[in-house]
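Below, in structure tokens: the form predicted alone, a single chain.
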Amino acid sequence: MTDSLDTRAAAATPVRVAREIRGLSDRAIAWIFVAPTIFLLLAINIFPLIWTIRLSFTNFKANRNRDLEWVGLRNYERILGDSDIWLNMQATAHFLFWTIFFQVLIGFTLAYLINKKFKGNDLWTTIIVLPMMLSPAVVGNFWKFLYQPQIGLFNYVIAFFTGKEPSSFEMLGSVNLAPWSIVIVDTWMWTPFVMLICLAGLRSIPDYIYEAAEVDRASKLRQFFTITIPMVLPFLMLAVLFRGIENFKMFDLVVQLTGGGPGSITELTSINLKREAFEKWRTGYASAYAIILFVTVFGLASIYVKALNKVKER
């Protein structure tokens, strides 16, 4: 069947085209196949980036029909000098640090326990991985219900251990507790992702290394710090890189839970950027804001990848 299709396709190809194809090098043929993908990337990623950079130097507003006015670096100066934006950066840094800290700590612990073969290992792995399979919108609504002070299960669990009344505190409405409420939810949802990466690292360690350490009478604690941690460290750093990039642009989960409130205590940079662009319609200003965030993430990620490569080379 395949031969007949090939034969018919070859017969249907014009002689001139067939000669031109036969004269192409392997590199030229490879470029013919790759070109549509490159064009798509240019159209979807590169062109919008260049257009955003151009708009960042103007006072353009998407809801108004008027000529662009070139303002130079004024948008960048206003953003970097805005104390409210630095507060948003601080809220984002708080969210980033604590989510990554808890996800790495809990994720590695779970991976270390699951790596020990025991009865029901596969079942527990499946149960633990379930949260990361859910949509952020579903998770946000689900936890918003759990955080309700009157009927939410979370308050009753905390009240059981502390002895306080369940309605005496409100996670989403408290200035002090709201940032921690989104940290808890993100940790619950994405710790399994870190666990899977750490589990891959643990299972990549050859058994003979531990066997050699036991022959040398190395204790389990010494094996953990001299074999397990160094060999899993690149995987841990990779997990931190992925989660750091994703959490820096976190939007949907926070919108579902707090909407940036109370006040602006949980207003991350992504939420603030959306408000500037699509509520206040300061498109040029928002474009400059987006470029600053892009440069920040790209710069930090580049430095981090260099550190990761050095760790892998050791």
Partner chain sequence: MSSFSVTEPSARSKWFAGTLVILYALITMVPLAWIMLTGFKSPSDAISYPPKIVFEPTLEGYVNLFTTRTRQTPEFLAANPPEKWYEEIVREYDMVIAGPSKFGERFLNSVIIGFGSTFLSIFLGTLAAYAFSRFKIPLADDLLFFILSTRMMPPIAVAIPIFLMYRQLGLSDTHLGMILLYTGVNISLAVWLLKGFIDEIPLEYEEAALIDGYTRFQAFYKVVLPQAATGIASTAIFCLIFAWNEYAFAVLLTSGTAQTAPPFIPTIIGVGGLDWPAVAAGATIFLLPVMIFTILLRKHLLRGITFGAVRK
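Residue numbers count along the first chain shown, from 1. Rigid core: the largest C-alpha set superposing within 1.5 Å between the two forms. Source: prediction; values computed, not measured.
Omitted from view is the form predicted in complex with the partner chain, to which the following refers.
This chain is displayed alone, yet in the model of the complex one of Val175, Leu73, Ile151, Leu221 has a heavy atom within 4.5 Å of the partner chain; that residue is Ile151. Think of it this way: in the model of the complex, the partner chain has a heavy atom of just one of Ile158, Leu87, Ile106, Ala93 within 4.5 Å, and the residue is Ile106. With respect to the partner chain in the model of the complex, the three residues Ala30, Trp281 and Ala286 uniformly fall within 4.5 angstroms at the level of their nearest heavy atom. Only one segment in the set 208 to 216, 224 to 232, 175 to 183, 74 to 82 has residues whose heavy atoms sit within 4.5 Å of the partner chain in the model of the complex; it is 208 to 216. Though the partner is left out of this view, Trp98 does not reach within 4.5 Å of the partner chain in the model of the complex, counting heavy atoms only.
Although the partner is absent here, Leu238 lies within 4.5 Å of the partner chain in the model of the complex, judged by heavy atoms. Using a 4.5 angstroms threshold between heavy atoms, Ile265 stays clear of the partner chain in the model of the complex. The partner chain in the model of the complex comes within 4.5 Å of a heavy atom belonging to Lys274.
The partner is not shown here, but in the model of the complex the stretch 26 to 53 reaches within 4.5 angstroms of the partner chain through a heavy atom at Asp26, Ile29, Ala30, Phe33, Val34, Pro36, Thr37, Ile38, Leu40, Leu41, Ala43, Ile44, Asn45, Ile46, Phe47, Pro48, Leu49, Trp51, Thr52. Remark: with the core as the superposition reference, the CA shift of Ile50 between this form and the one not shown stays below 2 Å. Taking 2 Å as the criterion, Phe251 does not count as shifted between this form and the one not shown: its C-alpha moves by less than this amount when the rigid core is aligned. Once both forms are overlaid on the rigid core, the distance between the two CA positions of Trp31 between this form and the one not shown is 2 angstroms or more.
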